[in-house]
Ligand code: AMP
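Read the single chain below, which is given as structure tokens and is the form predicted alone.
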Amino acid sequence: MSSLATCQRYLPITLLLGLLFTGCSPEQTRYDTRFLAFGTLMDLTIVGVGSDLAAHAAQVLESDFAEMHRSWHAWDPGPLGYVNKMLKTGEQFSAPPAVLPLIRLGQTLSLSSEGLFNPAIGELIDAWGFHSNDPSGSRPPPTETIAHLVQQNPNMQDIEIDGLLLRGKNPALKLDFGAFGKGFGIDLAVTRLKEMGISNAIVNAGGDLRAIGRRETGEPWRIAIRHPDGDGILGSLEIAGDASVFTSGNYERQFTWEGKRYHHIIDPRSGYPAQGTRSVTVIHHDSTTADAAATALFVAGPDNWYRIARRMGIHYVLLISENGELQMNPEMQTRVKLVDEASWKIRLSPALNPEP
């Protein structure tokens, strides 16, 4: 397939998933493919290398993501399932190598987010039915179930790490890496691509992505931000070099019960879906932190996101509140181009002082 044919085939798809491109020419070397991982469609774009290397890299990444899914799925048999079973016993056990790095990162990120990002609340996620890829038939759990799980207060600091050994100190612990496993997987995938000599690419998991280098025209990648209604585009960003863009929104996994909509981003403090926020978009140099921060800032809400962003080292934030106000820091304002800026009430926070 020629490069032009590739662009004609894949451009409409990537537009829907959040990538904006302008123009392709037959001379440009570009490879696009997609596969299923983590319950979402992964779009991979590679620029500037031969088709054989690009195709090989795509096969490697698809295999890697399949193994990640097997290792990190909280409810299926596998390494994380084993960890969750053993954590409840209170006994010391050997940590599977595929899971230990995520536990260490989870502890660090949870601490810096003041516990608003909390991968230890798998029992709550399970109770709400959001462990399913399609929670549309779910209903809210009984209030007493939520109250009991919140009172037990499982958190990442309840996991004791001694070298390669783990021990759970709270029987309510159940790890769910859904709020940052995808980001960690994308970081591993980008490392793989760089090791293969690929320096221009995007790994895109349903609109959450990491971009390296530049696009085939030599210009920065143009990344679209999804509208908080779930359809259409709010605005766009230009990314060059190496950066991750992640969004958490209440339009993603959800269900409606007795006329009320419930989304999947659970506030660990209340046990209920977080209130006050429609979506949060962050830019950060690594996807793991960006993924966790998007969740934490969503839970923090319009009044507290700035404090949590500073604690987590996030320098670019765009939050849309439930009342329709668009909040961002000045550094983000210089990077985002809104489709219809006049229709939004915009509030700027103090500076977050990005790194040079």
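Fair warning: this is a prediction, and the values are worked out from it, not measured in the lab. Don't overthink the numbering: it's just position in the shown sequence, from 1.
Another form exists, predicted in complex with the ligand; not displayed. Remarks below refer to it.
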- prompt: If you check in the model of the complex, is Asp176 within 4.5 Å of the ligand, heavy atoms only?
  reply: yes
query: Do Glu252 and the ligand come within 4.5 Å of each other in the model of the complex, heavy atoms counted?
result: yes
- request: Indicate whether Thr281 is a 4.5 Å heavy atom neighbour of the ligand in the model of the complex.
  value: no
message: Taking any heavy atom pair closer than or equal to 4.5 Å as contact, tell me whether Gly207 reaches the ligand in the model of the complex.
response: no
query: If contact means any heavy atom within 4.5 Å, which of 212 to 220, 157 to 165, 114 to 122, 194 to 202 contacts the ligand in the model of the complex?
result: 114 to 122
field: One residue of Val299, Ile46, Leu319, Ile314 in contact with the ligand, assessed in the model of the complex (non-hydrogen atom, 4.5 angstroms)
entry: Val299
- prompt: Which one of Ile266, Ile239, Leu149, Ile103 is close to the ligand in the model of the complex, taking close to mean a heavy atom within 4.5 Å?
  reply: Ile266
query: Taking the ligand in the model of the complex, which residues of 288 to 303 have any heavy atom within 4.5 Å of it?
result: Asp291, Thr295, Val299
